[in-house]
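So this first bit is one chain, no partners, the form predicted alone, shown in structure tokens.
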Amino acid sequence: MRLLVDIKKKLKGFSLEVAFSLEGEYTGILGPSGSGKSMTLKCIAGIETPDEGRIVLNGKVLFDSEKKINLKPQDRNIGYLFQNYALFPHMTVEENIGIGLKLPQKEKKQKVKEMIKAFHLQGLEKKYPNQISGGQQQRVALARCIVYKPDVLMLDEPFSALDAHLRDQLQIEILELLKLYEGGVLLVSHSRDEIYRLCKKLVIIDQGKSILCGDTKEIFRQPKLHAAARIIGCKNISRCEIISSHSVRAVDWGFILETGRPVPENIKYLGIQAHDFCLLDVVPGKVPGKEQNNVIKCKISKIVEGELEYNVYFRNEELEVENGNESEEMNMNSELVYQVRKELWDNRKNKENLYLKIPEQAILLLG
């Protein structure tokens, strides 16, 4: 599957401007609610029409504003799984699956039967959508998308309507079912975990614009941009000043970090993932910051308990406080969060003071 998207569309109070190209791999589109993810899919599918640009799928031009090309949705050979599955309520399971098939009746019946078996829907053939579970509805909708072999399958928030306890199980099921499909997959989600688990490639959309495209794991490891870091879930982001070719000052946190690698000239922010701090167990009276780089003596403000971990909120204890009042740097951005496994936190030796080290490779340098 080769897909090229380069489009613009103006709406009331919102502008969509996305450009990316994909080839083969499962690809995720990640962004906050209202960022333009679903609108992008609708433009690719032909449900919405861009104001300008091009959409090309496997060499076939679906849309070209200059050449006045705009294929109808039914001529694009795209499978689109909507958030609410869009099953026809007056049709049975087998009727819903076969609705898009243009085959002789005997062949159509055989094809639907094969999909019923492949998607584990035996015994539900004559049921209506309101008589089956959400997970079963999803399998019916997916079977309907795949049965006519589309060039690309687009999934719009496929797990958002499901209860939390069903999501992990159904994600595994969907991955297995998608092995029956040989085309490309485009998955829209605002869930970082879904995208990371399911997609090899990633497009990040923010406020209607595509801001980053590349390998999913590489983007999560080094998001490069402030907005991208925020969207992938980095909770600790500070303005920064470049001190030297290998060191930066975290303006909001009040300390200098050694980066271990050259600092690009366009860097304006730095980030640290909440789970990337290293807990130092030190001997009381010994100051580890004197012996190694990137160590913070922390002043804990609160601890929030989760099921398996603690979120420890803290500030740099050495951040300047003048005349009993907070300095300009001691603002709302000065608080950091450290995410730590319960057993590691509960079993730490030094419970009087908290020292955290930031590994050089964990520092996110952001434009």
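Just so you know, these numbers come straight off a predicted model, no measurement behind them. Note that residue numbering follows the sequence shown and begins at 1.
A second form of this protein, the form predicted together with a small molecule, is not displayed here; the remarks below concern that form.
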message = Although the partner isn't part of this model, could you tell me whether E309 comes within 4.5 Å of the small molecule in the predicted complex, counting any heavy atom of the residue?
response = no
task = Look up in the predicted complex whether L11 has a non-hydrogen atom within 4.5 angstroms of the small molecule, and give yes or no.
result = yes
request  = Spell out, yes or no, whether the shortest heavy atom distance between S35 and the small molecule in the predicted complex is within 4.5 Å.
outcome  = yes
message = Is D64 part of the interface with the small molecule in the predicted complex - any heavy atom within 4.5 Å?
response = no
Stretch in contact in the predicted complex with the small molecule, which is absent here, among 300-308, 25-33, 55-63, 337-345 (heavy atoms within 4.5 Å) = 25-33
